[in-house]
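What follows is a single chain, given as C-alpha cells, in the form predicted on its own.
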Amino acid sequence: MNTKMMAILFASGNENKFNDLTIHRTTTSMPFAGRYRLVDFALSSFVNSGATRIGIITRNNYSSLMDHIRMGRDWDLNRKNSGIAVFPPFGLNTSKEMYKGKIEALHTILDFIEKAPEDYVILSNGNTAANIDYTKVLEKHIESGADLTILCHKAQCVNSSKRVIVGRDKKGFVNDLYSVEIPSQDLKLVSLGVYVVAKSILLEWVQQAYARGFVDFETDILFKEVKNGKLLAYEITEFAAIIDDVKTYYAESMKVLDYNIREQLFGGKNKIFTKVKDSVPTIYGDKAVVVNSLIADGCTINGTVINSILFRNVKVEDGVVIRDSIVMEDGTIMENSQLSHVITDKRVTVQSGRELKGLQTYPIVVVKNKVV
C-alpha cells in the first residue's frame, strides 16, 4: 500500500476580521513569532512528514504569500516531480467567479489531486501555528480504519469567531460535531481545520457534494458523515493555535514568549523553516533593557523592551519603552515614545514622544507603512 501523503493548503480565510493587518496579505502570510509566517508552520510540518507535493489554493491578496514562498527552496520544495503548485482563485471555474467554499475550491483542482501518486491527502487551513508530525497521524488513521481524521486540540472558545467543536467516544471516533460562535470559558475539543483522508474518499465526497450544489466542507460533508461513525478525532497535545482575528493573533503571539511553548514549536527534531534573510545580528546599546522578549536579527535597541516581540530590522531609539507589544519588520520607534499593547505592521514609524496604548483584549493596530 502507498502510504505517502500529499497536502492541500487553503491560503485565505477570515481576512475581514484582521482589520488593517490583512489589507495587503492573506491570513496564511501573517508574520508570527518574530521571524516566521503562518505558512511556515504548515509547509514545515508537511515536509518533515514526507508530504512534498503541496497544492496551495489562493483567494485574494496573495502576492505577499508568493513573494515569501517563491519556489519553495527554503523548505526543500524546489523539486522536479513534486513541490509547490499555487492555484489562483478561479482555477477551472468556468464562471470566472471566486470559489464560494472549500468544496468548490477542491473541485477546481480535482485533476491535480487525482493524478498525484499519493494515496492520502492532508487538508489544512492556513491559519494554524503548530508543529505537527503527520506520519503519526497517518499511522493512527490507517490503524483505526477511519474515513477521515480530524486534528483537534483542547482550548477555550474565548472569541466570537466560528469554532468547530468535536465530541468523541472512548475509541476516539467522532460522535458529535457542531460549530459555535458564542464566547465561552469552557475547555472544549476544538477542530484545527486540518484533516487526513484517503484520496479516493475525498474525490468521491467532493464530486457528490459539488453535484448537489453544496459549498461548505465541514457543514455539508463532515457534519453529515458523523452518523456513519467513521470520523476519527486525533488530539494534538502540544501547542497549537488557530489565528483568525486580531484578538487571537495577539493572544497566541504573546504565548510564544513562554519558553515551554517555544520549545514545543521549535525545540523538537522537526524544525520550522522560513525564508532565509541574511540579516546582521541585533545590536544592543549601553542603555538597552530587554526583559522576556523575542528579538529577531537585524534590530538596533537603545531603549526598553518588555514582554514584546520585535521582528527583523526594528530600531528602538533612546528613551523608548515598549511593553506587551508586537513590532513587525523594519519598524522604527523614535526617541521617548511609549507603546503598550500595540501591533505595528511592517515599516511603521512612530515619531518622537508619541504614546500609543491599547488593551490586552483590544490591542491597537497600526497599518503597514504608516507614520504616527
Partner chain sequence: MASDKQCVAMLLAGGQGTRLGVLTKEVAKPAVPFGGKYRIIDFTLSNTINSDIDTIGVLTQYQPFELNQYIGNGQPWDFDRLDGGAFVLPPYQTAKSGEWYKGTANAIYQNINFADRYNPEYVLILSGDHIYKMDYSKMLNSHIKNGADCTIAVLDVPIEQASRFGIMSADSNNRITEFEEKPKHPKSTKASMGIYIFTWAKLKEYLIKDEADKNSYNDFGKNIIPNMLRDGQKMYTYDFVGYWKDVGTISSLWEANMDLLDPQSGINLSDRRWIIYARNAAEPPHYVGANAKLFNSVVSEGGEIDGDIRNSIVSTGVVVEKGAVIKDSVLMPNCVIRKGAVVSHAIVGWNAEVGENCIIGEEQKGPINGEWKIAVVGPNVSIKKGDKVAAGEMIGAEGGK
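Residue numbers count along the first chain shown, from 1. What you see is a predicted model; the values in this text were computed from it and never measured.
The form predicted together with its partner chain exists for this protein as well; it is not shown, and the discussion that follows is about that form.
Checked against its partner chain in the model of the complex, the residues Lys247, Lys140, Lys188, Arg262 give one hit for a heavy atom within 4.5 Å, which is Arg262. Only one of the listed residues (Ala288, Val158, Val215, Ala116) places a non-hydrogen atom within 4.5 angstroms of its partner chain in the model of the complex, and that residue is Ala288. This chain is displayed without its partner chain, yet in the model of the complex the stretch 273-281 from 128-136, 234-242, 273-281, 189-197 comes within 4.5 Å of it by heavy atoms.
Asn292 belongs to the set of residues with a heavy atom inside 4.5 Å of its partner chain in the model of the complex. Although the partner is absent here, Lys80 lies within 4.5 Å of its partner chain in the model of the complex, judged by heavy atoms.
Mapping the unseen interface onto this chain, Glu204 falls outside it, with no heavy atom inside 4.5 Å of its partner chain in the model of the complex. Taking non-hydrogen atoms only, Leu151 never approaches its partner chain to within 4.5 angstroms in the model of the complex.
Residues are counted as partner-facing when one of their heavy atoms sits within 4.5 Å of its partner chain in the model of the complex; in 340-360 not one qualifies.
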